[in-house]
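First, one chain by itself: the form predicted alone, in structure tokens.
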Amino acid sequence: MGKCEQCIIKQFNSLKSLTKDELVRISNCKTSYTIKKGTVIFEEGDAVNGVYCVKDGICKLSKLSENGKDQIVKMVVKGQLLGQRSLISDENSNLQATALNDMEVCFIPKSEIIMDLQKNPKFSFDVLKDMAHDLREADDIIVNMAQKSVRQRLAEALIYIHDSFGVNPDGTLSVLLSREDFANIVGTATESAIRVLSQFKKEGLISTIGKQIKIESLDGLKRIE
């Protein structure tokens, strides 16, 4: 089990603001997990009794709408924390977290994080900054849903995945999402997402290798209106 004070991952999240003594204390009480692709880490409405530090892998945060459709609101990646909002608000989770690929995470108990929030102002400020960033992203999602077409939203989703997660050696997107996942990211029916992806393929903007997607023209996707 790795030691928190020696872990490079902490440089990518608010844990970097903890002192060495605080990191040693957390390291002694954290639990490391391997989470398999497709596993639900926590459900909407669950009590999240700590935070997960993502050492490797990607998970999606989604919310079930009244009509039974999932809306993916965020993807949490290597270096980020999962569950901090529920912990700070002392409320049950408003979202469901599901692993999109095999993940390595460290679980830090709620009591340890609360102690550091109360005693370390810099840590508290960095956690607030992370939450403010999430709120800004949520604002952008609301505006995009209201003002942009499905073509625009799907093009932006492809660009985001390409820029954030990179590509495999064959040029395909490194994150494999189902067509339903794409639909849930942009807020449309699965059939609409499939139709738009087919249009992109005919227009030479993307190609497919099995279920994998390869972007052939980033500039073309960026020009979609």
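Just so we're clear, the structure is a prediction, and the values are computed from it rather than from any experiment. Quick note: we count residues from 1 along the sequence shown, nothing fancier.
Absent from the display: the form predicted in complex with the DNA. The rest refers to it.
The DNA contact in the predicted bound form: residue 170, any heavy atom under 4.5 Å: Contact check for residue 170: no, nothing within 4.5 Å of the DNA in the predicted bound form.
Residue 63, heavy atom within 4.5 angstroms of the DNA in the predicted bound form: Outside the cut-off, so no.
Distance check, residue 184 to the DNA in the predicted bound form, heavy atom within 4.5 Å: Answer no; every heavy atom of residue 184 is more than 4.5 Å from the DNA in the predicted bound form.
Residue contact check: residue 194 to the DNA in the predicted bound form, 4.5 Å heavy atom: Heavy-atom contact with the DNA at 4.5 Å: present for residue 194.
One residue of 43, 56, 156, 180 in contact with the DNA, assessed in the predicted bound form (non-hydrogen atom, 4.5 angstroms): Answer to the contact question: 180.
In the predicted bound form, the residue from 198, 164, 28, 32 that sits within 4.5 Å of the DNA by heavy atoms: Of the candidates 198, 164, 28, 32, 198 is the one lying within 4.5 Å of the DNA in the predicted bound form.
Segment that reaches the DNA in the predicted bound form - one of 77 to 85, 95 to 103, 144 to 152, 119 to 127, heavy atoms within 4.5 Å: Looking at the other structure, the answer is 144 to 152.
Residues within 4.5 Å of the DNA in the predicted bound form, restricted to 56 to 85 and counted by heavy atom: The stretch touches the partner through 69 alone.
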